[in-house]
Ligand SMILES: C=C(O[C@@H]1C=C(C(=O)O)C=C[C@H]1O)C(=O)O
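Only one chain is included here, represented as structure tokens and corresponding to the form predicted alone.
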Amino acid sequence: MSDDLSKALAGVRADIDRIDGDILRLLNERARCAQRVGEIKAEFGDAGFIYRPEREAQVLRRLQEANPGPLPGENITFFFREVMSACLSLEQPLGVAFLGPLGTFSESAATKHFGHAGRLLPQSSIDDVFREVESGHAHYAVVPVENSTEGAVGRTMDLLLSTPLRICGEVVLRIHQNLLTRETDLNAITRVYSHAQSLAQCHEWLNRVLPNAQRISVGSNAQAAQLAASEAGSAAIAGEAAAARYDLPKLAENIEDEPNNTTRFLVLGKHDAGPSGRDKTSLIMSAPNRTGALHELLLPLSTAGVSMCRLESRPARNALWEYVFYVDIEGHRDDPAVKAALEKLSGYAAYLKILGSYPIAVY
């Protein structure tokens, strides 16, 4: 290395060292401010929830809008989520329940939303995820609700009907599926393990590349990776987290049939969120069994100028051939237009449950 090059690099590296020192000082200064927020709340007897999803969303949007680059907005969001997660944990680490074991896409969604300082609590079923928060053993739940390729997650939808928990956030996660195995030749694979939804998301790829391999549905992709790691001739379809956790090589990457394959997760707790400026409200409703009943349910939203971004029907569990409708609308339930629409809707609906208002996902 020439002397001129060494001097030029030394100057830049000195700048980096100085900037790193400034970042370290500012991070700790921010942490002290976060601690002071907790102290002020305690002084004024505020025993409310320490996690405020609307405040977090506002901060992340502001930082993305102010970001001049070269770092992309997604990286800025990731970094500051981790900063907020670490600062929040100084007051109280948040317990987050999700569908386990470790290595699932649900774990990735929980970490994306709450950062690595959250206390992750993997559960064996979606039912157990709900129960963990309902019983007070965890602060929040992260559950899958719909996939862009395979549609709604039925068990989550059914449990939303009966749970007292509220939706306080959402996570949107790009899903990249990989074929994980210790085999080095595709011809040696006789069994493919995965969750039913992941098998469906890779259906055409499997038909084309592994048409003779047995497809075995299991409880989670992480469980599939565990099985594939211990059995000769086996492979798993799973994500990056499972590959890293179970030390399984990727024989094929990004094998999902749809390149924009995305799963939406809900964050559930014992509260929803205040207005953030860009929000959704989710609700469940049913219509009386008569002609034009669904039109009557949707009319208050249209009249108030409230946009509906999702409408899905599910069989009611207490009556044959009766249906309930799951609806997402734009806006917070405290927004005047949304509030007026919900008041009118309550007069038309045979059943109405507001699941919560929450910030639109920031990513």
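Note that the structure is predicted; figures quoted are calculated from it, not measured. Numbering starts at 1 and runs along the sequence shown.
One more form of this protein exists, namely the form predicted in complex with this ligand; it is left out here, but the text below deals with it.
Peer 1: Here blocked means 3 or more ligand atoms within 2.4 Å of a backbone or C-beta atom once this ligand is superposed in from its placement in the model of the complex. Does this form come out open or blocked?
Peer 2: Open, per the superposed partner pose.
Peer 1: State yes or no: in the model of the complex, is some non-hydrogen atom of residue 88 no more than 4.5 angstroms from a non-hydrogen atom of this ligand?
Peer 2: So residue 88 counts as contacting this ligand.
Peer 1: State yes or no: in the model of the complex, is some non-hydrogen atom of residue 51 no more than 4.5 angstroms from a non-hydrogen atom of this ligand?
Peer 2: Residue 51: contacts this ligand in the model of the complex.
Peer 1: How about residue 37 - does it come within 4.5 Å of this ligand in the model of the complex, if we only consider non-hydrogen atoms?
Peer 2: Yes, residue 37 is a contact residue.
Peer 1: Hey, in the model of the complex, does residue 285 get a heavy atom within 4.5 angstroms of this ligand?
Peer 2: No - in the model of the complex, heavy atoms of residue 285 and this ligand never come within 4.5 Å of each other.
Peer 1: I need to confirm a contact call. Of 333, 61, 310, 55, which residue comes within 4.5 Å of this ligand in the model of the complex, counting heavy atoms only?
Peer 2: Among 333, 61, 310, 55, a heavy atom within 4.5 Å of this ligand in the model of the complex occurs only for 55.
Peer 1: Just give me the single entry in 84, 210, 153, 167 that has a non-hydrogen atom within 4.5 angstroms of this ligand in the model of the complex.
Peer 2: Looking at the other structure, the residue within range turns out to be 84.
Peer 1: In terms of non-hydrogen atoms within 4.5 angstroms, which of the given stretches 323-331, 27-35, 64-72, 290-298 touches this ligand in the model of the complex?
Peer 2: Heavy atoms within 4.5 Å of this ligand in the model of the complex occur in 27-35.
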